[in-house]
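Take a look at this single chain in structure tokens; it is the form predicted on its own.
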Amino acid sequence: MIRRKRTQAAPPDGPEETFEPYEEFRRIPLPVYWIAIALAIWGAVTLWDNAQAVGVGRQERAEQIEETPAAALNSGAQIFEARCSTCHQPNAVGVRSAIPPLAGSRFVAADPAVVVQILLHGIDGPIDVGGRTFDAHMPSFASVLSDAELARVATHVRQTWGGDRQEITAAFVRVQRARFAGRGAWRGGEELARVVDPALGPQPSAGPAVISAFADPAVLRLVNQGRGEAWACSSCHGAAGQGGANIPRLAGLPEGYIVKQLQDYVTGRRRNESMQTVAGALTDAERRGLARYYSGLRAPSTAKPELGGDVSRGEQLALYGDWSRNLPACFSCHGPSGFGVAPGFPSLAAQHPAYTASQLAAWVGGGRNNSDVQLMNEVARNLSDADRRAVADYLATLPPVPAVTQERR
């Protein structure tokens, strides 16, 4: 009987003869995963805690206001805090290169008709304050405040930051209201100096209402003409990126935010059939170019309250939040005046209320789920239907993101 020599097979887990050490796959150690997850959770909690701390402070201020006698609430100082400090800041220093300061402004110290006319009609054009040019987009308060309230806030502004102890009366405001009845916003400081008070001195010329220094012809063709399935952006979002109805305003949104949304449409993290088609037909460079274009675009607001929401309640939610319902203030994340914080938080000011309300509803229903830390999902769930309408209508009353201008040399 012939016995065959039995050969030993190599262990199934053993290396082959050609094995090289550098070919071995080395898994990432579990502690690294744990650290990354812990850092992500820590970042989310920190952001939430910071927003809550700001909101609590503002809520305490709101409670103090509730306990203040009605007469004091209707003072010029209180009206300024509620209506003006959102943009100009409580100490009236404004926002550098974006919102003009009131302290030391020749517009505040000029003829009292200047301040009253600005409050009545707003401004839509450049003004010079302290040697710096600001692209002003201030709304009218003619239909929001009574003549007596306008008189009180104008008096407060002039006495506090203009050095004039004169009191402006409701009768004076009535005269000024009738003086230019039916007109729109003032076209910047040039028109105010020419029509109301020449003592304002030389003011920058009012250029076109739409402002953009962007000149890339390829991107402009995409905006105005489109290409294939990437149809023209302006066909939906408007020639000035102003949007309308349930189509968002793009003008002034942070560049990084726009890029992320377009990428999310491509990957499916954000769902919209039309936008998925358009974004998918664009190259990465084209998406970045469009984002850069719209982030630098400035145009007057075409938004207005239209959902029947309680604007006062919306203002409270935007400025102070409502911590009884675990709601932080909108502006604690989206920046002063709702102008946005690049790149993650879009501007909310002058956004169309139907769009804002629909997005809040989408966060609740799962139609939108592309927030990195799921913050908006939680916020939207804590808002009632009435609160969604209220905050959407309030945000529509705010002036749009201003152009950032440079100081004169």
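Whichever C-alpha set is largest while still superposing within 1.5 Å between the two forms counts as the rigid core. In this text the structure is predicted, and so the values were computed from the model without any measurement. Just count from 1 along the sequence shown to find any residue number.
In what follows, reference is made to the form predicted together with a small molecule, a form of this protein that is not presented.
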Partner-proximal stretch of 163 to 171, 177 to 185, 295 to 303, 269 to 277 relative to the small molecule in the model of the complex, 4.5 angstroms, heavy atom: 269 to 277
Taking 4.5 angstroms as the cut-off for heavy atoms, does P101 touch the small molecule in the model of the complex? yes
Does the 4.5 Å heavy atom contact test between Y320 and the small molecule in the model of the complex come out positive? no
Quick one: is H237 in contact with the small molecule in the model of the complex, heavy atoms, 4.5 Å cut-off? yes
4.5 Å heavy atom contact, V401 to the small molecule in the model of the complex: no
Tell me, which of G252, G243, P139, P112 has a heavy atom within 4.5 angstroms of the small molecule in the model of the complex? P139
To verify the annotation, which of these, A151, A193, L120, I258, has a non-hydrogen atom within 4.5 Å of the small molecule in the model of the complex? I258
Would you say G189 moves its Cα by 2 Å or more between the shown form and the other one, aligning on the core? yes
Establish whether a shift of 2 Å or more occurs at the C-alpha of R313 between the shown form and the other one, with the two forms superposed on the rigid core. no
Core superposition between the shown form and the other one, C-alpha change of L290 at least 2 Å: no
Work out whether the Cα atoms of V144 and A349 come closer together or move farther apart in the model of the complex than they are in this form, the change being 3 angstroms or more. closer
Relative to what we see here, could you say if V144 and R313 have their Cα atoms closer or farther apart in the model of the complex, with a change of 3 Å or more? farther
